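Here you'll find one protein chain in two forms, each presented separately as structure tokens under the names structure 1 and structure 2.
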Structure 1
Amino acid sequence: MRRPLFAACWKVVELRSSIDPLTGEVTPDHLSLGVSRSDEAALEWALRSAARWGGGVRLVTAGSAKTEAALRQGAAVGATELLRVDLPIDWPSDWIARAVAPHLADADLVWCGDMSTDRGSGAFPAYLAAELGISQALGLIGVELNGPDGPAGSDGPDKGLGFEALRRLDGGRRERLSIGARAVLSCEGATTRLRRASLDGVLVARDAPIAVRVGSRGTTVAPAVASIAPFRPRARVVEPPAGPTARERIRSLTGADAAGRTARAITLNPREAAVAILEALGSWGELPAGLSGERAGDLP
């Protein structure tokens, strides 16, 4: 019977960098290397998965030897395997995913943070799932490890694994997922907090072995950064205020002459409510072209 393996991916970045207020020059602070709250939550869920179904926890990061101090922090809280893929941290996300994927091919669940603290795009988990050829569940805001107790069976690596998760969607919507197979999961930092390391764990982590693998360079063309500047949205073209005098133009800009919208509570059946909504939108000028409020009653 093969023991299941749960993996967590960390991106180690500088949490505090000094910026010169006059020149804008950034001074690196390697002593502040760490991970985001969401990455910490990913490791915590990997540890909880191992506690429920048995097995080990592999903590993986990509970068230089300076990231190994953060890996040892993960070992202090319970990670059983430490792995560092030696590659430049400024590689594109798809390159890093291709370099890391071979070292996660035997993992049953791969937990990632939804976004790093260096304003990352959050695309790494999706690229990693594509490289591994397994399912993905990204942007989790809630996890319930309610699967059966005991490790995965010998008939397959995903037998016995089963739990539910809540995923964030656009527009304030939510999606409830049932996960019972190998998958790459990314979670938000609010889902849980990483446990505190014990003194014995910190002492043992000092001598914990760290496996180092060389990452292979990707084949896609890396994007070229032409310049870095603050984001400024495009200016919108609006009609000039109407009125021959300054007073009238100010009243037009502020909307002082516009009639206020009075709220009212009405109780209607579904068809009457739909007609009332369309009539109100038509009176406000919010309906698409070709659909007026007078035609609302003619709709099926």
Structure 2
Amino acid sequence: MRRPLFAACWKVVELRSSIDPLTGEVTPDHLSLGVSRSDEAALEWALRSAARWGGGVRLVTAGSAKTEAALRQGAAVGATELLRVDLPIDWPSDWIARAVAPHLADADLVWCGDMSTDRGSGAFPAYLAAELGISQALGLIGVELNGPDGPAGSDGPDKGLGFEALRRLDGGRRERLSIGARAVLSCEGATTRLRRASLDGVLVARDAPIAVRVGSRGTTVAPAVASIAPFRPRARVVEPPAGPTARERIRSLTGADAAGRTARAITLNPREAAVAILEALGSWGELPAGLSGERAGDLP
């Protein structure tokens, strides 16, 4: 059986910048190159995954040679492979994901941080999952690697390589996920802390080999944008609130007594899920006229 491979993706950036108070010019501090807490957490989860299920850890970054010192820090704590994809770090996330994806095609779980300290878009993990054509679980705030094995991914080669995680949702809500290989995961920095490298590790990592691949952004197909307009919630005509007292009328007006939009767990294929989402949005009045679940047939 193939040994599982776990990967962590790091974005190496200047952790500090100085802002000229006279001109507002931002100058990154070249001495502070490093990664965010969440990127560090991603490597720690990759290392723990390898400890749990065996296998190696590939640490990947994209950028110039100046990122290599940071990569070696990853080797110092236990990453078994170091890979740098040579490309301009100011490429958009989808280009970077396209350039990095071929080097992660054999990874069972790809761990990413959910944010970088340079206020990046945070879109890289999603683009990467799309490029790899695998599942994604983004914004993890809790990971339980040591629980009972969850369901292995249906398309994963390694049965039993599964676990549970907690993901943040809008509005302070949470979602418990059952994750299996293969998947791209992004985690918050608070989920764990990267282990401290041993002195021996630091010294050995000085000579750790770093594979360098030239990044290619491939062919970019820009999405067609029909129109761009600011978001304006649609006004809706509602009946005058009923009730003998102001309090009751306010409760009626705000729908406080109405049945809430209760969450329900359903299992659907992507197409059915899209239809269901559109139907729900339409029934809540959140879609413009003419766009509803009935038009889901137009979906590709």
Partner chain sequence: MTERFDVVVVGAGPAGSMAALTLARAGRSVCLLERGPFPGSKNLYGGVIYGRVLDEILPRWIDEAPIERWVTRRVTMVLTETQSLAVDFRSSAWGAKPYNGATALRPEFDSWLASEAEKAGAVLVCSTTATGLLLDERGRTTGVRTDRPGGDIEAGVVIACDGVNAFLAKQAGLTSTEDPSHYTLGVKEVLALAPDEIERRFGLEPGEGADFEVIGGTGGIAGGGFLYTNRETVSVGLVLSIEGLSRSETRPEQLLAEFKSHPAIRPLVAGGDVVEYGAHLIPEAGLAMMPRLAGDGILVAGDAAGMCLAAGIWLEGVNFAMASGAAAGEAAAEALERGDTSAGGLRGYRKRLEANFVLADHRRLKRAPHLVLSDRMQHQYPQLVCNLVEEIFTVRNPSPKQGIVAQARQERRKAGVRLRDLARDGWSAWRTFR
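Reference numbering: structure 1, starting with residue 1. Basically, rigid core = biggest C-alpha set you can superpose within 1.5 Å across the two forms. Please read all numbers here as calculations on a predicted model, not as lab measurements.
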Looking at the two shown chains, say which is the form predicted in complex with its partner chain. 2
Core aligned, does the CA of residue 252 move at least 2 Å between the two structures? yes
Core aligned, does the CA of residue 190 move at least 2 Å between the two structures? no
With both forms fit on the core, has residue 235 moved 2 Å or more by CA between the two structures? yes
